[in-house]
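Next up: just one chain, as structure tokens, the form predicted alone.
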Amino acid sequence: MSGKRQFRIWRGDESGGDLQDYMVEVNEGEVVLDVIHRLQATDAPDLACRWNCKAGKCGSCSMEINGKPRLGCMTRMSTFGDDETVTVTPLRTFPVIRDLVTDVSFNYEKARETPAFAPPADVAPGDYRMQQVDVERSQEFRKCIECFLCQTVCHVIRDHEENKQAFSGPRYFIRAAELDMHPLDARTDRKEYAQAEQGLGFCNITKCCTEVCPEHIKITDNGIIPMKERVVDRRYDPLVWLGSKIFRRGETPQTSVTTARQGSATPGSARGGVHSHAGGSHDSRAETQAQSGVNWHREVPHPTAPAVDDRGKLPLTELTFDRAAAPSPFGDDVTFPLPPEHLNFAHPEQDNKH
């Protein structure tokens, strides 16, 4: 296993960059992060790379290795062939700061938007009691190390910058699912919030997020799908709808979406609930950038609420858009692979027009 290996690493910043080739010494038992550290010590001392624990528990060294989002400290060199070139690039979904370091502040914005655990008002903090089965039910989701690999691989925002405003991503879907399962959480609108503000309807359960999770959390099967089922039960099940009429439980759920709509007119409501490509700001400059697939200076407003009927129910389309074929995250005009100018980091062939 020892010997020189060829690495191809993306170098650059937000203004552009390209892939550069290096021949690096590799020893038996090493991981990709070890090789990057050796490269920093020898040929590329100015190579920027984020890392911390080197034990697969901090989630800092997220990168894309041969096109797949992985942790650098958990990807062994023995998984590659002796003559295989190892290509390392930054996370494609997020703006590049420098080299392999990306700006993942999008995720922290979404974390701040997610309502925290609401303890019951009639139980003192020291008196909380839960069944062990309830503890184990959501314990899997608490293993998340926030590496954001699931966020960067999700095609809803990976290939569609304009969806970021109204889509929280798999990391926060499992957070919503965990709180919805919590027997002591006092909020009863987690399902409505996930649908109306987190963009749960965008997810089409391809299980990409589950595949890349280093903690082997079954994000789709145990988090997103059950949450979608509960949303459908609440919104569209005819028996639930009939029961809400009979027992007078059909009031509109009091989420921040409905509260804002009842209190004042929002920009989205003035436009009939239609989303802008630039999010809630409707800024012409941001709109132009979002249309081109790059928006380095975008705002992160609250998502625009979808239109509901007089009973507070979502229509079957769930969300409305201002472009053709947009009820699907992909429009009919999208072709794959995406052209380089639609990537949100500078592709080495971005200036080549074929």
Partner chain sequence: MTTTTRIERHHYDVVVIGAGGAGLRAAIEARLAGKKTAIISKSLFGKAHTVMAEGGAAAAMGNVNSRDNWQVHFRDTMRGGKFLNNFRMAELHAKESPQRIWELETYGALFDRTKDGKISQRNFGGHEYPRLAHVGDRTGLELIRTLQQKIVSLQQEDQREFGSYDARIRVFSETTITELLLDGDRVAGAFGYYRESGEFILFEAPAVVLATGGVGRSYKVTSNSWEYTGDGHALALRAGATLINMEFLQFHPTGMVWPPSVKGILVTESVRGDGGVLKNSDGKRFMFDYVPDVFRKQYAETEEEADRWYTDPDNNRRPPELLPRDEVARAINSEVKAGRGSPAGGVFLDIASRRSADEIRRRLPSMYHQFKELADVDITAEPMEVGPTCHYVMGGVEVDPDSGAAFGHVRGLFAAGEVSGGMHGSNRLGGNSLSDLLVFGKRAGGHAASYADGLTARPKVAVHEVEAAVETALAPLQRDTGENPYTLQQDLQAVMGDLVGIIRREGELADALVRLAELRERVAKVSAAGGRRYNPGWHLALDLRNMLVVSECTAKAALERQESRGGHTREDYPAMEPKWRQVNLVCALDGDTVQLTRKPLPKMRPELIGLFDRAELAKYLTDEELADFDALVADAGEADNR
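Keep in mind that what you see is a predicted model, and the values were worked out from it rather than measured. Positions refer to the first chain, counted from 1.
Another form, the form predicted together with its partner chain, is not on view; read the next lines as being about it.
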query: In the predicted bound form, segment of 194 to 202, 84 to 92, 158 to 166, 144 to 152 with a heavy atom within 4.5 Å of its partner chain; finding: 144 to 152
query: Contact label in the predicted bound form: residue 226 to its partner chain, heavy atom within 4.5 Å; finding: no
query: Residue 215 within 4.5 Å of its partner chain in the predicted bound form, heavy atoms; finding: yes
query: Exercise: residue 73 in contact with its partner chain in the predicted bound form, heavy atom 4.5 Å; finding: yes
query: Any non-hydrogen atom of residue 14 within 4.5 angstroms of its partner chain in the predicted bound form; finding: yes
query: Contacts with its partner chain in the predicted bound form, stretch 51 to 74 (heavy atom within 4.5 Å); finding: 51, 52, 53, 54, 55, 57, 58, 59, 60, 73, 74
